[in-house]
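Shown next as C-alpha cells: one chain only, the form predicted alone.
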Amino acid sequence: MNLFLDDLLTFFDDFSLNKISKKCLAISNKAFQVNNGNIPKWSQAIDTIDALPKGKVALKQPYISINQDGIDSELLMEALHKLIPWRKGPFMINGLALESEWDGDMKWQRITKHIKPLENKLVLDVGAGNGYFTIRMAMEGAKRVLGIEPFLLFNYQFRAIKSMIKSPLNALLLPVKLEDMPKKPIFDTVFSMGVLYHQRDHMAHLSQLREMMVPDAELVIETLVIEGPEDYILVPKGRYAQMRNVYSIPSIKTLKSWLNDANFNNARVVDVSKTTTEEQRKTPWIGENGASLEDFLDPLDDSLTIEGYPAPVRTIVVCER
C-alpha cells in the first residue's frame, strides 16, 4: 500500500507547488515510517477499501456522498470501523451514513458565503483533520487543495475516502506540520480552522500562515474566542472543555489586534457562533466510549465547561495578506 506517493506526484505537477514537493515528500515519508501499533490495522482497512469498486462523489448535504455500484456494504463498514474515531465529516457511502463527531457542513455554510470563490485557486488547509473540508474546498472548483495534518490516523481516513472516488479531486492530505513547510508564497487562500488556540506561540503561527500566501491572498481563521475587551485572553489552567494543549483563547478584539500585528489587512468578523450539541455530537463513529461536547459542559449549567470556563464560542475572521 502506498498512501500518498502516486497522488503526490500528480498533485505537485504544478509550477508553483513543485517548489515545495521535495520537502513535503521527505517529511511525509518519515512520518509514515513511525512506529505505531495501529498502523497494521489502519493499513488493512485501506487495502480492503482500495479493492472495492470506485464511485462518483457529490454533495448531498450535509454529507459528502459517494455512490458506488456493487460494493460489499458489510466489508466496507468493517474497514471504516477500523479507522475510528471519525471526528470530521459527515460522509455518505451509498446508504451508509458515516456520522462523524462534528457536522462539518454547519461550519462550511457559515464560511463559504463570506470568502472569495475558490475556483481555480491554490488552497492550503492547515490542521485539516481527515480532510473533510479539504475535499469540500476541492468540490468548490479549486485548482489544488493541500491539507496538512500531522496526526496519522486522519491521513489514513482521508486516503480511505479518496480511494473510493472514481475521478479523484485535486485534493491531497499530508502528515506535515505548518512549521515544517517550506515557506514559499504559493497559496491564494489559506484556512486555519481550530488550530490557533493549540499554538504555544500564536504570533508565530500567524506569521507562518502569511509566509505561505501570495500577495492579496485571503486568510480564513476559525478559532475559539472569549467575551472581553481588547488585550483580554483566557489562559486555561489544565484542560479547556476537556481539550489538552489549549494555550490561549482571545477576545474578538484581541484576535483582530493579533492579525493586525501580523500584518494582515481588512480583518473582518463574519460569524460568531456558540458550539452546540447539534454541531458537535456523540455518535457510534467516535467509538464505544467516545465523549463529546455534552460530556465537556457543566451538567448543571451548559454556559460553562466542565472546568468552569465559559462554554465554547467560535468565530470566523477573514482577512488579506
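From 1 onward, residues are counted along the sequence shown. Quick caveat: nothing in here was measured; it's all calculated off a predicted structure.
There is another form of the same protein, the form predicted in complex with a small molecule; it is not shown, and what comes next is about it.
By the criterion of a heavy atom within 4.5 Å, Tyr156 is excluded from the residues contacting the small molecule in the predicted bound form. When contacts are judged by a 4.5 Å heavy atom cut-off, Met193 counts as touching the small molecule in the predicted bound form.
Put simply, Lys184 is far from the small molecule in the predicted bound form: not one heavy atom of it is within 4.5 Å. Contact check for Thr189: every heavy atom lies farther than 4.5 Å from the small molecule in the predicted bound form. Residues of just one listed stretch (128-136, 73-81, 157-165, 232-240) have heavy atoms within 4.5 Å of the small molecule in the predicted bound form: 128-136. Checked against the small molecule in the predicted bound form, the candidates Gly228, Pro85, Gly141, Pro150 yield a single residue with a heavy atom inside 4.5 Å, and that residue is Pro150. Exactly one listed residue, out of Ala217, Val220, Leu178, Ile249, brings a non-hydrogen atom to within 4.5 Å of the small molecule in the predicted bound form: Leu178.
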